[in-house]
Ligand SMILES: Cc1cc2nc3c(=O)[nH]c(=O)nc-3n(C[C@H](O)[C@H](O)[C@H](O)COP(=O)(O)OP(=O)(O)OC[C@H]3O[C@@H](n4cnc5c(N)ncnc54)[C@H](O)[C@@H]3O)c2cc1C
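One chain comes next, on its own, written out as structure tokens in the form predicted alone.
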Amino acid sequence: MDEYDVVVVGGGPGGAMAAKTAADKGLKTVFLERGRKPGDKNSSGCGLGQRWWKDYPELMEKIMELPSARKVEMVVINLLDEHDRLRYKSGTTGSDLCANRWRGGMEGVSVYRKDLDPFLAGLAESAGAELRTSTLVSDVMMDDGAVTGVKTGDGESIKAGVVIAADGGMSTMARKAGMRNRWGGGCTLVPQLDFSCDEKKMDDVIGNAEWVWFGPLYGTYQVNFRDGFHIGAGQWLRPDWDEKPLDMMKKLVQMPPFQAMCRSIDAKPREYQAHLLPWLKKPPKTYTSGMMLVGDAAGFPCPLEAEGIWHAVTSGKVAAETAAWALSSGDVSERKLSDYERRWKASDLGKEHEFGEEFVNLWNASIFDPEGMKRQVQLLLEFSMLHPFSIVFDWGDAHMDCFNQHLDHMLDLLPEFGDFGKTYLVPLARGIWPKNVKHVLLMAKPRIPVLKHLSDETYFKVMARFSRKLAPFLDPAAKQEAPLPRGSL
């Protein structure tokens, strides 16, 4: 029986980073990949955001040079109505703050997993980790309730000081260890179509951007690579969902604006894909005696937009660091490995999930509700018409008359969305930093004659007494650059 300090199950980004970190710390490490090579699976590609420049700048420099990489500096939003007409197109670009907040500014990258996964696995091997491919792990080894190793589909047993499970949303390791059920508390099915394209035409038409298509169509995303892209959508796996995934894709590709885009870049479909993705309000328990879960296995994809590669890599790093610390003390018990959860909750990974409940509820009542989106699109269109650029180019009437006509229509629409705002948007207010609430109030202070001569401290006390909702933000004990605790508003 082979024996290692750390056995990592899964050769994807989370598993590779866990193996690299463990090997860097001098631990005898093996990571096991079921495919013929890392990246050899039914998932085409991913987008890596700006935080990679903050947390993994050296990796990002090399990832930008991978064969399929396309630089991404903005997201193009295409808003369609219920008749599949393109009604609004906008782009997110970032301000000077974004340009200076981190290295690379708003620059991200999209890359196919067939390039990314072998690159990350190679880093782990260079650090000294052993990679075994075409190895399916089918069970865990247990001793008195503790995970002590894994068993492969070929009947091989591999003993481990610590097992790190990076085996995806349907994690066999989590289920075999009795940590959770098959679905892990929440899951979405994501069908995708991958297309080949003319690279130069993509440069001309797509540029350095990802695209999304919003409307009555389950929030469609388009991830663009050097000479191809994939388009996908999704929906919760729930009893009342009766639409076939393939029918969803047929509906998407039949949209006239989408077909026009495909013609302009010579897009040709080449593969239909589907995968399951955990999309949770809150990750379930991520550790047990002798084992920790990372990436999709732990339920870490972002609860707002479900991006999961940075989350997998970051959790893999934290898990391996925890494993090294636990092994050095000779204690890999559940109590000891609970420090893993403390560590990831204290990181940026944990911050993403502080608003998991609010994000998932908002998504469920908007993008994942095609019927509801028909009306929300109309409200979004009126908001867009109040944009200064829109008013300048609305020549249907005198400009101030145009402005007032759109404002009147928007105010007519707002009442029907009152409950929506109260239920799904107001809870997000606790995420505004108290320092920013104070900043706004101080800007208003000189315009309130009865209060403008008060000291700032007294002014805040008066405002806190005046408004129960403001009081938590104005509490002197509140952290100035942190969200308020849930239930404080």
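The model shown is predicted, which means the values in this text are computed figures rather than measured ones. We number the residues from 1 along the sequence you see.
The form predicted together with the named molecule exists for this protein as well; it is not shown, and the discussion that follows is about that form.
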Based on heavy atom distances of 4.5 Å or less, which listed stretch (364 to 372, 215 to 223, 333 to 341, 406 to 414) is in contact with the named molecule in the model of the complex? 215 to 223
Ok, Lys251, Lys281, Lys176, Arg113: which has a heavy atom sitting within 4.5 Å of the named molecule in the model of the complex? Arg113
Counting any non-hydrogen atom inside 4.5 Å, which residue from Pro301, Gly228, Gly108, Gly149 sits next to the named molecule in the model of the complex? Pro301
With the partner left out here, check for me: in the model of the complex, does some heavy atom of Asp203 sit within 4.5 Å of the named molecule? no
Heavy atoms within 4.5 Å of the named molecule in the model of the complex: does Leu32 have any? yes
Should Val9 be counted as a contact of the named molecule in the model of the complex, where contact means heavy atoms within 4.5 Å? yes
Interface membership of His275, the named molecule in the model of the complex, 4.5 Å heavy atom rule: yes
Each of Ala166, Val190 and Gly308 having a non-hydrogen atom within 4.5 Å of the named molecule in the model of the complex: is that the case here? yes
